[in-house]
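Take a look at this single chain in structure tokens; it is the form predicted on its own.
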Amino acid sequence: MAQRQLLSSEARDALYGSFESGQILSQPAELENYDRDASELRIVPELVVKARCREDVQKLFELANRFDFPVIPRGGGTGLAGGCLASQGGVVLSLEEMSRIRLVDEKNLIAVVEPGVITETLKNSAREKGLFYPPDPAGLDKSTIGGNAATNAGGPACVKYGTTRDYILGLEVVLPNGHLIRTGVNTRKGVVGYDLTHLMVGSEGTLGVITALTLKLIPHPEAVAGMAIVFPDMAKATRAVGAVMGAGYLPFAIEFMDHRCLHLVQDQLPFPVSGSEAMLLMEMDGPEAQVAEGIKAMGNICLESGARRLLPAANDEERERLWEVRRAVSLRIHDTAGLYMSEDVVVPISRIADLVAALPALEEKYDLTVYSFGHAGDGNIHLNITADGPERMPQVEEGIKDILGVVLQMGGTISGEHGIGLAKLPFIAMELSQESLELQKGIKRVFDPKGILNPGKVFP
């Protein structure tokens, strides 16, 4: 890891002279909340500045350029790749207090929000006006819209509705030199110039700091229905996914849990788990009559594909109980493992079962335990890789490298939602060619010639 850059006394004095009381955090107890995200990485920052407006962000960059220190943007701290950690010192820029919903426009079906707005808060505000903001990352009660944009967050609904990128029409961005640009449009179409909006989305806070977003909304679906389906193994479960979608049905969500996950949450399931059983969680939304007919038809297709049992959710309360089981999996894994590493690979839908079948040999080779769950509708698999304790990290990293190699051989990618950050830096060259990496580094230099913004992330 690169040498940390300590803030000079002159830089500290300038920071304290430029921001109001309460905006700067420097005491150990204050910094503790900013030394981590949802990964296992921990790096204590030198200082935290809490921006309250766009001008605060510009002011911080003016000081960063003058005194040559890094700025590391941070949203809700729910990322899983260490992307918001101060790996090279400098100032963590917290955007959590920039949390206003400026507009929800039911006539034009748009919202304008600041980056610190919590995803669930926006979804609820849109719902009050009969509108729907579909992206639903797992930590939607804590993740921020700005952080979601920086990582192009997905979630269960992306099988039907797409990822965060698909709902961003325009951005207000402060560049590392302190200049403000506005990208994109307020309309559903716009092709004037290069698409800087979608270049920013997914750039993991390395090109600019998002200070406002214009988002697309859609009418809220009339009804939602769900069910859990239990299969004897993952192969039959993934074949059922292909059969459902091949028959013309597009579920709102298709989640899966492998046999390890089911055994881990056995106490929350209304049936005994045996052997290598796997479970799908399917939901459909739309007009009420269409949903009722569609969920029944999907259940029949699953039975024809070898399902052992269907567990329909008759109402919202029963649907929520099914989702509680899904959410409990990663918490249980984390709480029971001495060492826990989360990977979010993607393979073609038809290869999900092949990847899960390849894991036991790698588990044995590296003495690992791997839990598999995730988004069956788009092939995004969350591999939770566990071992006895931190001392096993070198061997675990070798195992992860082998697993990612298998993913790439299957035509997949090493990250579907979490990004690269710090956690996947050792592996990015497995997927991207040297030419591609150099081209992307060139783009970084155009936006950030001094290397001030979130240095040490994404590129090795």
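Keep in mind that this is a model prediction, so the values were computed, not measured. Quick note: we count residues from 1 along the sequence shown, nothing fancier.
Separately, the form predicted in complex with a further copy of the same chain exists; it is not shown, and the next lines address it.
Asker: Should Gly190 be counted as a contact of a further copy of the same chain in the model of the complex, where contact means heavy atoms within 4.5 Å?
Answerer: Output for Gly190 is yes: heavy atoms within 4.5 Å of a further copy of the same chain.
Asker: Taking the shortest heavy atom distance, is Asp56 within 4.5 Å of a further copy of the same chain in the model of the complex?
Answerer: No - in the model of the complex, heavy atoms of Asp56 and a further copy of the same chain never come within 4.5 Å of each other.
Asker: Do Asn186 and a further copy of the same chain share at least one heavy atom pair within 4.5 Å in the model of the complex?
Answerer: Asn186: contacts a further copy of the same chain in the model of the complex.
Asker: Residue-level contact is defined here as any heavy atom of the residue lying within 4.5 Å of a further copy of the same chain in the model of the complex; does Ile414 satisfy this criterion?
Answerer: Yes, Ile414 lies within 4.5 Å of a further copy of the same chain in the model of the complex.
Asker: Is a further copy of the same chain in the model of the complex near all of Asp166, Leu196 and Pro287, within 4.5 Å of a heavy atom of each?
Answerer: All of them do, each having a heavy atom within 4.5 Å of the partner.
Asker: Which of these stretches, 330-338, 304-312, 357-365, 144-152, has heavy atoms within 4.5 Å of a further copy of the same chain in the model of the complex?
Answerer: The contacting stretch is 144-152.
Asker: Name the residue from Asn384, Ser203, Thr78, Ser87 that puts a heavy atom within 4.5 Å of a further copy of the same chain in the model of the complex.
Answerer: By the 4.5 Å criterion, the partner-contacting residue is Ser203.
Asker: Which residue, Ile420, Leu60, Leu47, Leu404, has a heavy atom that falls within 4.5 Å of a further copy of the same chain in the model of the complex?
Answerer: Result of the distance check: Ile420.
Asker: Can you tell me which bits of 332-366 touch a further copy of the same chain in the model of the complex, meaning any heavy atom within 4.5 Å?
Answerer: Heavy-atom contacts within 4.5 Å come from Val346, Val347, Pro348, Ile349, Ser350.
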